[in-house]
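This document opens with one chain alone, in structure tokens, the form predicted on its own.
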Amino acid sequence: MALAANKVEATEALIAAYPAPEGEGKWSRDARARALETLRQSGAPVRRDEYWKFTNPARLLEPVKSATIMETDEAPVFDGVDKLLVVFVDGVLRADLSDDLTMEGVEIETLATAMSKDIHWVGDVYGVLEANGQKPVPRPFAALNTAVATEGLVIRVTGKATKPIAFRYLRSGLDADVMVHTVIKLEKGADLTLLENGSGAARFNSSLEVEIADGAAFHHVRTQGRDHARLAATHIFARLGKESRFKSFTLTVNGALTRNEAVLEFTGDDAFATISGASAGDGAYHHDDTVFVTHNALNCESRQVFKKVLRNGATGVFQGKILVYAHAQKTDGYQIAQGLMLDEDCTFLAKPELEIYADDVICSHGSTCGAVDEAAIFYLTSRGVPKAVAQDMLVLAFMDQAIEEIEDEALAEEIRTRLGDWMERHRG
């Protein structure tokens, strides 16, 4: 079906806003051309599109506006973790602020270096997982990222990484408009933890493609920066081999508009994946988690766990789907999304979906929203706990189900501490 003239015009304007990369190998040029064609076929998103009806994409399409950088003397998240630190400033890798990019069992290159070569292993992954994730739901901002991003890393893991790799996204420009694309390939039996934190830009578009071979494990913990005016569209594409593991958790506080998309596909038997998140915001805060999990193998388990705390007119969105093919017997799919409304001005919108063609499965989904339990508030206050503190305690307990999905307890405790600090600052 041909696109409407106004959608074609918006799409071409979006493409024209970003310079075409130059001096790259043929495989890279081919991948970018495919992504551009995908974008032109689907068109720039509009509010009438099925998976954008809860989130207006207009602010992600218009010219980026200046956004105040939030100053803080608080130590960066994960600062106390032994890690290999990689720093991006306004989306550009800063080698002078980063650690040496060498670690036993891990090969790391910049995306630009890999793209300049005629032959490179990343050619089998870059844009491939993103292209697979474009059906049945178009993901235009991911296609745009594949087409134009020149910053990021390509990482191949051949063994168990001795420590996590930590991306820290800093920004100096009030109107920084950033594209970052990272590709990670875990060979058979490999193991890696990736940490991400920071706002990165006034508008931030990131894409993470993760190829997980048989028996490999990938752990991902992300915190999204506290700048109030920040806009973000992030994408995770993961393909899981036999007996592999994937775990990703995101904490989001503040930000004007955040859209986090995750697309997971099970291609090997007996694999496990969980995608989870906790978010909290007030006022002009719009947070959207959109997840699509495809079960295409036997005896695999997936979990989606999302908790959103909203007040002062904030909006939370969850769109999650589990697709189970006929041959994917013994699938166990779980999905829960809950919103906690701290006043009557908030909005929580949920669209959980199951599409199942197998007959020997355990799949469930649920979505609820409501206010803080007044009986619990009364119980705590009657024992001397101030009401504001009591409410924070209940909020943290509500969000902890998502935080518990983090496998590393030290990282989970770091998230609890940061979230508790944020609640205390916003108390009352």
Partner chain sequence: MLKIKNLKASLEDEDKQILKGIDLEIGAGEVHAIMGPNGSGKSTLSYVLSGKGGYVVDEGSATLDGADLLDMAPEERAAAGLFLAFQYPVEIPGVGNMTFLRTAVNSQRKARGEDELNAAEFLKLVRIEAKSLKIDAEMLKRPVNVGFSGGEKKRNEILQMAMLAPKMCILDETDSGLDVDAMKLVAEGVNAMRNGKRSFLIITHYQRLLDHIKPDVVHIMANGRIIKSGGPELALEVENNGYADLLNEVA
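Numbering follows the first chain given and starts at 1. Treat the numbers as computed from the prediction; the structure is a model and nothing was measured.
Another form exists, predicted together with its partner chain; not displayed. Remarks below refer to it.
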Inset, instruction - Work out which of the listed stretches, 43-51, 388-396, 23-31, 57-65, brings a heavy atom within 4.5 angstroms of its partner chain in the predicted complex. - result: 388-396
Inset, instruction - Check each of A375, I362, A371, M70 and return the one that places a heavy atom within 4.5 angstroms of its partner chain in the predicted complex. - result: A375
Legend entry - Distance check, L36 to its partner chain in the predicted complex, heavy atom within 4.5 Å: no
Legend entry - Proximity of T381 to its partner chain in the predicted complex, heavy atoms at 4.5 Å: yes
